[in-house]
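Only one chain is given next, in structure tokens, and it is the form predicted on its own.
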């Protein structure tokens, strides 16, 4: 059976079939769409077993497709196989959870609302992900009945948000003077912060671990140092080992730290994993016509601390920063009809769609953004307006994260963007008396610094199509809303066509 599944997953034959587009006017003739029955069949066969939080197949081959809204993603491991027998998949605490409870291969190695909802309905809200320690809106919530659990776990169910409890550190420059928590729990001792679990694939590209960087450990003897400063950091493996233990003790409620061997096994498993979109229903395979999308190319993408750094330039080559950081789809800039597609009408639609992806990539690299009021950037450089592009912050080539630690406040946690399901905290500077309201102080709860309020790291962008909603708080339900946020926040003046082109590009990552 396992060999049959591998064969099925390996048969990737591009096939055109009839269908209708949601963009077609009512009553219009059906438009041909691009499809791959082998991918559909392989994804369906694996979805019921291989991607379950527990159980399923003991090992999966590379490049097994997983379906999402736009097409298919896949995972590639440097070891050649995704071994599901190691400690990443084992319950190492007392509440039944493993790392894989919140990091599902079929959901971009994180979790999604639809996946969480399915688990709730299947188990009446008793799956290990539903635990009071952090799955519920409050650790004191009523979970005595199915309906009570549905209410208690609403943030997890609706936005796939985990509650992170962090108090204001001793010696902080600020204090908590008011709390508006709809769940009646948060205090200065433990603020309730609702955040998306970050993916546990593509971690070899990380310069910062966790949204607030709390697991990125300073080390004077470290070799990864921000040029021109004394900020040096421990190795990624050490940092991830520490984070793995913290997660097991915290989220899985392990009574004792996990062993060094368990830490190493989990870190090795994670850093060998890469995930990305491989097939888009509008453009087909993301390697067609010499494009360099997909996960195999991603797994060999160059990355090191300080690559293409925005402020200093490349740490190793000394080359100046280039905003042209995304180059996967240069071959589609003037894509001609793909003659391997038999249907002439479909060839034209695919060529147009591939042109749109290339235009979106160009916009990502080159569309001017006047960067204003971003803490960690404008204030640090004492420049009120910085001319930039998307790659000013997403500078790692063909990956999209920042290549050195640079937490930024782009306003996502501002009181003006608060939704009723989020707590709101009023913080006051102990010296100046200034106050600010935020749904999440971010980096400030680690550093204790007033200027760090609302600052978060940017995530790796590869595999976006699989893991909506977006931003640390799930405030953008889809890619259109994410693009709309930036257009509004920075006054980019994007046209409707430009927004669509950017989404076309982002969904192929």
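Numbering follows the first chain given and starts at 1. On a predicted model such as this, the values are computed, not experimentally measured, just so you know.
Another form exists, predicted together with ligand HEC; not displayed. Remarks below refer to it.
With the partner omitted from this view, the residue of 91, 355, 322, 389 that lies near ligand HEC in the predicted complex is 389 [heavy atom within 4.5 Å]. For the residues 191, 393, 298, 328, the 4.5 Å heavy atom test against ligand HEC in the predicted complex is passed only by 393.
Contact with ligand HEC in the predicted complex holds for all three of 197, 243 and 412, each having a heavy atom within 4.5 Å. In the predicted complex, ligand HEC stays beyond 4.5 Å of every heavy atom belonging to residue 107. In the predicted complex, no heavy atom of residue 448 sits within 4.5 Å of ligand HEC. A residue is said to contact a partner when one of its heavy atoms sits within 4.5 Å of a partner heavy atom; residue 214 meets this definition for ligand HEC in the predicted complex. In the predicted complex, ligand HEC sits beyond 4.5 Å of every heavy atom of residue 149. In short, of 198-206, 72-80, 330-338, 279-287 it is 198-206 that has heavy atoms within 4.5 Å of ligand HEC in the predicted complex. Scanning 154-192 for heavy atoms within 4.5 Å of ligand HEC in the predicted complex gives 162, 164 in sequence order.
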